[in-house]
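In structure tokens, one chain follows: the form predicted on its own.
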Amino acid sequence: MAQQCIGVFDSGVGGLSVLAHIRSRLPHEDLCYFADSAHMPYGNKSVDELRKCSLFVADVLLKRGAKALVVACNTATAAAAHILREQLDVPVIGMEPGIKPAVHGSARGVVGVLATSGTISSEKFALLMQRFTEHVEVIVQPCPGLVERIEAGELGSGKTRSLLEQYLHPLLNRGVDAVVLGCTHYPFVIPLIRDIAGPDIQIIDTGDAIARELERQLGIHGLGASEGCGNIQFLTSGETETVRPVMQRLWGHALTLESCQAD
């Protein structure tokens, strides 16, 4: 079973930011990435819809031989990770906004969080806030429309910059010294965030922490591959000719993208 692939999924291309960390840390592993672009964005869906989407994608990846699943989406993690863990016999690793490291590293005691509305409204996020915000002010900023801009490949466009300015300026005006990226799409606009926020603001991306946790879980279950150069498959529930150009731009290499739509 150690030779089987690791399944990674997101509502679209955002989870590629996590996939890159996994690839760097676990180069021997075969990976299978699923962009559920037909149902993007996840941020404005109900919990029931998110669970249906997650179970559909998990079924596809398990049929491809996944020995572990990474839910590379904060919104899907909050809504469905516990359901996946209850129903599946493989390790399931989910996302969590990096509020803990931001709080612990904040000199001013003021931290900002950029996230989707779906993540912010979840019970999991509320519990996370309760755990780490007793002595630090955490300002939460929903970012409607930002995922769609990134999915369109508009990483540096005027529209994307305008959205980010709209979302970042209230945080900067409140004196934050750290900004938590609460969506896996957002690392792709870190250069733009840095340009707006300036060099002194810490930007927290949890992609590497997820890759480390995946490595740990594989070790616990004796599932780690130890040799060879892992292959990567790319799947989407969306239109391949629409999704592929953006995915290739974000991944940085030409790739073969397979259509895998729901029945």
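Quantities reported herein were computed from a predicted structural model and do not represent experimental measurements. Counting begins at 1, following the sequence as shown.
This protein has a second form, the form predicted in complex with a small molecule, left out of what is shown; the following refers to that one.
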{"property": "Proximity of V147 to the small molecule in the predicted complex, heavy atoms at 4.5 Å", "result": "yes"}
{"property": "Exercise: P41 in contact with the small molecule in the predicted complex, heavy atom 4.5 Å", "result": "yes"}
{"property": "Contact flag, A79 vs the small molecule in the predicted complex, heavy atom cut 4.5 Å", "result": "no"}
{"property": "Contact label in the predicted complex: C183 to the small molecule, heavy atom within 4.5 Å", "result": "yes"}
{"property": "The small molecule in the predicted complex reached by all of S54, V57 and S237, non-hydrogen atom within 4.5 Å", "result": "no"}
{"property": "Segment that reaches the small molecule in the predicted complex - one of 205-213, 41-49, 191-199, 223-231, heavy atoms within 4.5 Å", "result": "41-49"}
